[in-house]
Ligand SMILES: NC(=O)c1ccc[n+]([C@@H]2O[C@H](COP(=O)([O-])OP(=O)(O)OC[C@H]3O[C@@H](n4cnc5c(N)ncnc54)[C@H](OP(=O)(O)O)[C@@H]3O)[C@@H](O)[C@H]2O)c1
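For reference, the chain that follows is the form predicted alone, supplied as structure tokens.
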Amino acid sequence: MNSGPDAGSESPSTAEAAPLNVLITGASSGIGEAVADRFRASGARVFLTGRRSEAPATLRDGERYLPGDLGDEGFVERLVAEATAALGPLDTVVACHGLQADGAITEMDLARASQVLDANVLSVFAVVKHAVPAMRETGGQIVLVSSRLGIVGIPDQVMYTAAKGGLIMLGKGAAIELAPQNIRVNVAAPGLTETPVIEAGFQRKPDPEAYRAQRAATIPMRRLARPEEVAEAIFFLGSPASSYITGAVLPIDGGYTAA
């Protein structure tokens, strides 16, 4: 189910009447898990994947979670094949996986830099490449989850910012290429969010609470995002409610990139 080029004659409620078939990567925790919850709340049928071998606790009866390495193109092909076998043609794909990486330019070797690019750009490319044929029948929407650091740079995360910036350009190029096939591609750019990965980073600091306060002070809204707030914006981009939006980058960062 998807809104076509002339869907302006339909109301949003009509366009969303049939349940969406949704593939979500990086769904085992954090933002990806919240995205799955938001689509479930809309009545969508979800198929999930993540690096962790154990399924997320929020997995419901009848849903599938297929763990694996999205850097392995063979696994990506299998993932899309199993998702379409379980759900039918895909309406929405949310690429929510990635790899956080710190390290100064002079301290990161080429192998680690390549790993960051592979995890944040090339594996997403593979997901898009193999999902498109599963969406051609009805069209659909793809959401790539980048970062505020794909828009602005900071020290000690140069390769991460390079990768997330590359992901934004992947989304823009794909949006133009796929628009004639009625497949929309947009990019969400979350800021600091209350996820297990971010919390673990805070806990590695000598004074976690002081560091958290310092990071929050850099955000105009003076707080981190909640995963469900980020998921709500991703849901908008991944649903027919955004039917005339493609190639957009939506910061979800409390004003960080506006400053």
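Sequential numbering from 1, following the sequence displayed. Predicted model only: the values in this text are computed from it and were never measured.
Only in words, not in the display: the form predicted in complex with the named molecule, which the text now covers.
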Any non-hydrogen atom of residue 184 within 4.5 angstroms of the named molecule in the predicted bound form: no
Contact of residue 140 with the named molecule in the predicted bound form (heavy atom, 4.5 Å): no
Residue 52: touches the named molecule in the predicted bound form, heavy atom cutoff 4.5 angstroms: yes
Interface membership of residue 145, the named molecule in the predicted bound form, 4.5 Å heavy atom rule: yes
Contact segment among 171-179, 131-139, 105-113, 92-100, judged by heavy atoms lying within 4.5 Å of the named molecule in the predicted bound form: 92-100
Contacts with the named molecule in the predicted bound form, stretch 171-207 (heavy atom within 4.5 Å): 190, 191, 192, 193, 195, 196, 197, 198
